[in-house]
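In structure tokens, one chain follows: the form predicted alone.
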């Protein structure tokens, strides 16, 4: 390794130099007292590191998530101490649940005041320990290079996740001899296990002898860049494949072996066929409760093969007959060598028959409604048709999230960004900002509900200031729709505190100099969508939809996936 050149800099300058060396081009943040030296340094390096000033720290961390998910890079946010730090806790927890690599740089009070309850001091290390891959408090400037090198390595390696650096103001202003070496190894930290060929062969034997094999793929396929290998595997074996919410877009929606979505509001066939397959192959997914329903009745007849990078996920929820620990891309590459070419046409046709049933009872009513009121499904369908499936869809959490995941079409990976494990309302708008800044040449469309939108609507200011060309579609039913649906189905329509008195969203957008339009009639919808997509720059489209439009199919919480409901 070439000896690093040393130079005298302060800690704040050092942080910026590290960001540049790590290839960071965009950061999201909000200044404050404890991080002012770092913000002063940003002024010197703004031509290399683009800083986006958000309107709330939560917007910074969600934007960093969106940026990371759209690009595959580590997202970076910078905030101040105390309330600045606590305001990003939700996003850090969200990133941990969804395996999103982040480095969060948080200012902290000067070192002599640590632990004294100083103004705007919070125990950042204690607060974030359960929701980070690693966190570290920096009190001296000379710690910065090594700590940041570790932070980026840990965030992006193995199963990715968020890392927090709590940087005292003392460390930001101290001078030291700076030199930097990227980290590629940490003692006792093994991010990816070596593949065991005997396990690969054992899995291949099960697959080769299966009559009704079934593959489930999740976010791990996208994280590892295994999309090509996934397609090669299913095409060689003829195995039908279904996706988790965060696995969406890893395979072309219209691929003949892509049979749809798993889970509570997933497709009919992918859910019920789980309990009919004889070999279940899970790739880069963790058997979340929204996928399994009642674990006691989940695929009891099947031999389970689990390909997973994180040892903690093996046997945590569903016991694996064959566990393949390792990177999904490498595991699939090796597995392809040992599986035999095959076709399972009759088995695949069973999924197609299920789809026909679902189309008649659910899908047709959703996307081609005959009733007067507009539906969420038809809005999503028309937007998808307008962009020909070639866009990044970002969602908030709730009914619009499920509808968008069901009816938007995708042709390339990293095209669906949503809050999965934590289910964070308010995620959609700031995440869409980050995605658009990460992929400026792609169309980015945010589907949000009227409830979730109001949790982070202040980021319209960020969108306006930087002219971030996101398209925001508010599906407005004047309710917290998903909660209301549960109240309708399971609480005898006692709509306890789910009705919303909303502001004039169009005037709000106009106040931020963002073009906007409201649609209440079907005959105006297609034209409004075309206007939105064709507009250069940000645009907000509010569509008033049916108030009691529910999302089906539905697996009731805690029920078997075989008990999926197609109609109310």
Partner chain sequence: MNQEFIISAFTENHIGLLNRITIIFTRRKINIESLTVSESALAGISKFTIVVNDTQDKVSKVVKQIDKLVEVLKAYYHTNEEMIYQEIALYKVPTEALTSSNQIESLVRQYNARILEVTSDYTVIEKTGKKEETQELFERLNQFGVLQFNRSGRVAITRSPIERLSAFLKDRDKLLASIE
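In this text the structure is predicted, and so the values were computed from the model without any measurement. Positions refer to the first chain, counted from 1.
Another form exists, predicted together with its partner chain; not displayed. Remarks below refer to it.
Taking the partner from the other structure, its partner chain in the model of the complex has no heavy atom within 4.5 Å of any heavy atom of residue 440. Interface membership of residue 413, defined by any non-hydrogen atom within 4.5 Å of its partner chain in the model of the complex, is ruled out. For residue 189, a non-hydrogen atom is located within 4.5 Å of its partner chain in the model of the complex, even though that partner is not displayed. In the model of the complex, its partner chain sits beyond 4.5 Å of every heavy atom of residue 290.
Checking 283, 444, 376, 154 for any heavy atom within 4.5 Å of its partner chain in the model of the complex turns up a single hit: 154. When you look in the model of the complex, the only residue of 178, 134, 408, 351 with a non-hydrogen atom within 4.5 Å of its partner chain is 134.
Of the candidate stretches 67-75, 306-314, 198-206, 364-372, only 306-314 has residues whose heavy atoms lie within 4.5 Å of its partner chain in the model of the complex. Contact check at 4.5 Å (heavy atoms) against its partner chain in the model of the complex: none of 386, 436 and 535 pass. Contacts to its partner chain in the model of the complex (heavy atom within 4.5 Å) from stretch 113-131: 129, 130.
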